[in-house]
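First comes one chain, alone, set out as structure tokens in the form predicted alone.
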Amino acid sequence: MSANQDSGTHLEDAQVLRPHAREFERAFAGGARARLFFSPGRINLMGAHLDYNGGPVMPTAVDRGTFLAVRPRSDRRVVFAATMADARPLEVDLDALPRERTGQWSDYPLGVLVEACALARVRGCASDVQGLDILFGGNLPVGAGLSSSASICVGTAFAVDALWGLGLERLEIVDIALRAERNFVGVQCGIMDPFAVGLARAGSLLWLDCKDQTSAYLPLDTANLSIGVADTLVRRELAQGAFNERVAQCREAFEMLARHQPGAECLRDIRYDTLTAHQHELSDECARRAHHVIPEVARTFAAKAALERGDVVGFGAEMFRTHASLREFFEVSVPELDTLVQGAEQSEGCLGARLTGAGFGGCVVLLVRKGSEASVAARLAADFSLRFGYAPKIDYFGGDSGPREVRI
């Protein structure tokens, strides 16, 4: 199936997107109706900071995400606008696209546009593509660790493909989104986020091996389990630089340790005994990063095995262990995140919790038994409010089937 085929429009999609269509009419007065698209966010349950180290990850898409209203123009101009507060519009020419990022939200869809135009040139149809008016919106918290950037990039690539008729396969959509973030925005991210959004299947976790890009779907017992998100409301303004720093530290650790383990291709391949025997050759920071990554690979395989045998308690225990490692060795947690996880460990009905996303703020993902959602949320909110003087935002998300066009 080509990526631009409608994957199924649901009544709730139309209800959610209809107000966005009206916003488009206000922002871009006159002309034909816009086509509407939805692209989900994602939560990663296991495999923290493993994707750029070649390890396995276990994300799932959520039923909140990015809204896009898109209409073709008669010229070769593309206008990006957004419903978010303080989001300045951007207008560009397809024949003279910017080569450098602006530091604004629009860098993400602009990077996709750059990659899509490059692909159109390779395919010999660059002169045929038309300008676009695009309005972005959504109900996914930005900067919360739910991969709003991948949601925007995958959604933009999906919509551009649909309007330009490039006939892209789903993995090509994912690749464009990934290259936009790496090459244009400058975030040295792994492959997990665009894969999790682009290959989503409702009711399943995606098992993605980031070394060879093989994937499978693991059933999630949504009849008895709920996935919650507790948002600290701490936004990660400085996270990009700290994230890139950790990518570099992991690369440095691998390059040093690989000298003692011939055949290793990435940090995921390094054995724990190799690390312990040669950690004195690493800087303190690089050693701590490796002490997270290498055991996290084992924890993620253990979590997969627990899920496959129906041991949700064992799966949740691995989530708690992951958070402790992210706090102690990868140093990407903050007190607000730690308080939520500590409260989750003491809440009957909560099986597991850890920070999700890059860290430095954002959200904690919760694995909760059905029927315990309200009591877990109340316990977490009470503990958090007592310490920080305000309440976190706690919600429970459904799964999602991935990017799609919505017809209303």
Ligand code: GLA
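Predicted, not measured: the structure shown is a model, and the values here were computed from it. The numbering used is simple: start at 1 and walk along the sequence shown.
Although not depicted, the form predicted together with the named molecule is the subject of the following passage.
Per the 4.5 Å heavy atom criterion, the named molecule in the model of the complex is contacted by stretch 187 to 195, the sole one of 158 to 166, 187 to 195, 297 to 305, 120 to 128.
Candidate site formed by 39, 41 and 402: none of these residues places a non-hydrogen atom within 4.5 angstroms of the named molecule in the model of the complex.
In the model of the complex, the named molecule stays beyond 4.5 Å of every heavy atom belonging to residue 70. At a distance threshold of 4.5 angstroms between non-hydrogen atoms, residue 55 is out of contact with the named molecule in the model of the complex. Put simply, residue 243 is close to the named molecule in the model of the complex: some heavy atom of it is within 4.5 Å.
Taking the partner from the other structure, the named molecule in the model of the complex has a heavy atom within 4.5 Å of a heavy atom of residue 48.
Proximity to the named molecule in the model of the complex, defined as a heavy atom within 4.5 Å, singles out one entry of 358, 351, 377, 34, which is 358.
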